[in-house]
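This document starts with one chain, in the form predicted on its own, laid out as structure tokens.
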């Protein structure tokens, strides 16, 4: 099938999309040095900065969450590819401050490799930072080694919680503790129905038969827990929320943040039908959906499917989730 996308030269995809994005939200973000998306109104130097990195092609993630109360810098790689270590180091160096940097890295091989090398450069430069590695994908098993568990949509609520703590003026150690507490109590599971087309290559990133679905597939087409015939919204939702609630140890009386993240081609109609079943299931278990969000936060081009995310919340985490933020794709007043 011929790829149908509104693009120009595939070689210019990333610079053109970043130029357009920064033009569209010029009051909130700015583009620096071609691939660094930064806050248009910088945070004071006496507050902890948040820096992240990741490939383009997942819009609005990750750069859509740069702004007051969330990220200070998003270092962008090419489509589905990590940015190189020198560019990541450039982003860290830009945020050098006595207050320090919380460096949020999603657990993907290329991202981790770039982060490791950039951190070595930062250490030689005397840059103070602490790293949080998101690894909330439970497809390999909730107890699988961290290196086998991918970072998925959970990075975005983590930016929100940690960013609010930083905006409040918490120290680097305090912001790190809050981010890690959230990190250790979250879980994500994805399901895919149809593949995305890689916009630079024009080829699908995986294949699925018309009557198949796959729970646990990663956001770049990595294998999940196995393919099955299509199931209904209720059947899919119950399988996923049961595994996720068990993964975070949720029990009666607990409070959860629940996010349904559309992968790009799944309609809001479908997501709301799935969310309806999630809420019903948790109600039956005596578990409160304390906060929720349904929409597209981290996509995979026109991939059909979604990521279901849960996090066990305490009063402090809820306070930071509710705190004000002002970014192009998430605003809380």
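Residue numbers count along the first chain shown, from 1. For clarity, every value in this text was computed on a predicted model and none was experimentally measured.
Below, we turn to the form predicted together with a further copy of the same chain, even though it does not appear here.
Asker: Give me the residue from 45, 32, 40, 268 that has a heavy atom within 4.5 Å of a further copy of the same chain in the predicted complex.
Answerer: So the residue touching a further copy of the same chain in the predicted complex, by this definition, is 268.
Asker: Each of 2, 234 and 301 near a further copy of the same chain in the predicted complex, meaning some heavy atom within 4.5 Å?
Answerer: The answer is yes: all three residues contact the partner (heavy atom, 4.5 Å cut-off).
Asker: Does residue 211 reach a further copy of the same chain in the predicted complex, with heavy atoms at most 4.5 Å apart?
Answerer: Contact with a further copy of the same chain, yes.
Asker: Should residue 170 be classed as touching a further copy of the same chain in the predicted complex when contacts are defined as heavy atoms within 4.5 Å?
Answerer: No - in the predicted complex, heavy atoms of residue 170 and a further copy of the same chain never come within 4.5 Å of each other.
Asker: Would you please decide whether residue 230 lies within 4.5 angstroms of a further copy of the same chain in the predicted complex, comparing each non-hydrogen atom pair?
Answerer: So residue 230 counts as contacting a further copy of the same chain.
Asker: With the partner left out of view, is residue 282 within 4.5 angstroms of a further copy of the same chain in the predicted complex by any non-hydrogen atom?
Answerer: Although a further copy of the same chain is absent here, residue 282 would stay clear of it in the predicted complex, with no heavy atoms inside 4.5 Å.
Asker: Could you list which residues of 50-85 come within 4.5 Å of a further copy of the same chain in the predicted complex, counting heavy atoms only?
Answerer: Residues within 4.5 Å: 59, 60, 68, 79.
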